[in-house]
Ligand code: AMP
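Next comes just one chain, in structure tokens: the form predicted on its own.
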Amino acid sequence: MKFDLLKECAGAKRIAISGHQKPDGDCVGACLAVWHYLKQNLEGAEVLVFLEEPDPVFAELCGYDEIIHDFPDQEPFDVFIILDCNLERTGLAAKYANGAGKVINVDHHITNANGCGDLNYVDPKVGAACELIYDLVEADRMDVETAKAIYVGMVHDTGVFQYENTTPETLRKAAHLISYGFDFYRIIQETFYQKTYLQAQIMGRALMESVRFMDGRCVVSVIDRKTMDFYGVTTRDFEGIVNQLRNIKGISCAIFMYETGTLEYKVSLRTDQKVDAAKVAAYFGGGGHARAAGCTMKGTFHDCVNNLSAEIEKQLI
């Protein structure tokens, strides 16, 4: 249910904001947009953002340097705002819900359709959490920094407005946001498309060693810990690999996996309309969207692929 964000936070002296672990562009944009908007419009309120350290490509967003990464113990907050996820996915920040006077949840994931707060604005049909944030801020109180943060989030979770979660309303909102005058072309290029040479190398390795299966309708690639150490990459350097796999002609489901521990893998899925990625991921304890989802799986690489295949095949029959 849509609400007035300023009214719901009115009178609060201490406000905490958080999003999901391994924050992406939509999560970072949403958290910093709300942080800046509240700081600008709630005189005397202390507003803090708690997130795992985001990718430095988002460093130009106002408030990036103010993000708290170590989740220290805090006195109870008057309001705790959870963005782009449910409480569980905030990880160490989940403790800030304890004793909070009010918990607000804004999300667009189907796996959190009912919300997790005292007050919820959740719409799985919307392409980005930042699109929902746009709905909650007053246009005459939005400035260029809030607009830029919202725009970045919308760009990232709609694949620069090319995914099917992009609607005419999404584009109308984007048009209004760029009217604030920030360099939207450069932001798209530098935060979404641009890769370091190392990232290009590891993507090339992943594509070269990918394997098609299920009559060529699926493709999978994996990066193990040994390969990560050889190239000196971190999980941030894997951004975009699964999307590139999905771009292969004839692929209905792309799977990218990387080793996170002994017999443990992080799995990312990207699909077309034939496969509901969220349904597959949810079966293994994960979640996400119909076309993009993820989970963590235990077992050998081949065990994980076999188990994923069994669920994917149910939809590809």
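On a predicted model such as this, the values are computed, not experimentally measured, just so you know. A residue's number is simply how far along the shown sequence it sits, counting from 1.
Omitted from view is the form predicted together with the named molecule, to which the following refers.
Novice: Is the named molecule in the model of the complex near all of Ala10, His36 and Lys39, within 4.5 Å of a heavy atom of each?
Specialist: No: none of Ala10, His36 and Lys39 comes within 4.5 Å of the named molecule in the model of the complex.
Novice: If you check Arg205, Lys173, His156, Arg89 against the named molecule in the model of the complex, which one has a heavy atom within 4.5 Å?
Specialist: It is Arg89 that has a heavy atom within 4.5 Å of the partner.
Novice: Given that the named molecule is left out here, which of Ala292, Cys62, Ala45, Val57 has a heavy atom within 4.5 Å of it in the model of the complex?
Specialist: The residue from Ala292, Cys62, Ala45, Val57 that makes the contact is Ala292.
Novice: Report yes if any heavy atom of Asn120 sits within 4.5 Å of a heavy atom of the named molecule in the model of the complex; otherwise report no.
Specialist: Contact with the named molecule, no.
Novice: Is Thr271 one of the residues lying within 4.5 Å of the named molecule in the model of the complex, judged by heavy atom distances?
Specialist: No.
Novice: In the model of the complex, is there a heavy atom of the named molecule that lies within 4.5 Å of any heavy atom of Arg246, even though the partner is absent here?
Specialist: It does not: once the named molecule is placed as it appears in the model of the complex, Arg246 has no heavy atom within 4.5 Å of it.
Novice: Can you tell me if Thr191 lies within 4.5 angstroms of the named molecule in the model of the complex, counting non-hydrogen atoms only?
Specialist: Residue-level check for Thr191: no, no contact with the named molecule.
Novice: Counting any heavy atom within 4.5 Å as contact, can you tell me which stretch out of 64-72, 28-36, 282-290, 46-54 lines the named molecule in the model of the complex?
Specialist: Selected stretch: 282-290.
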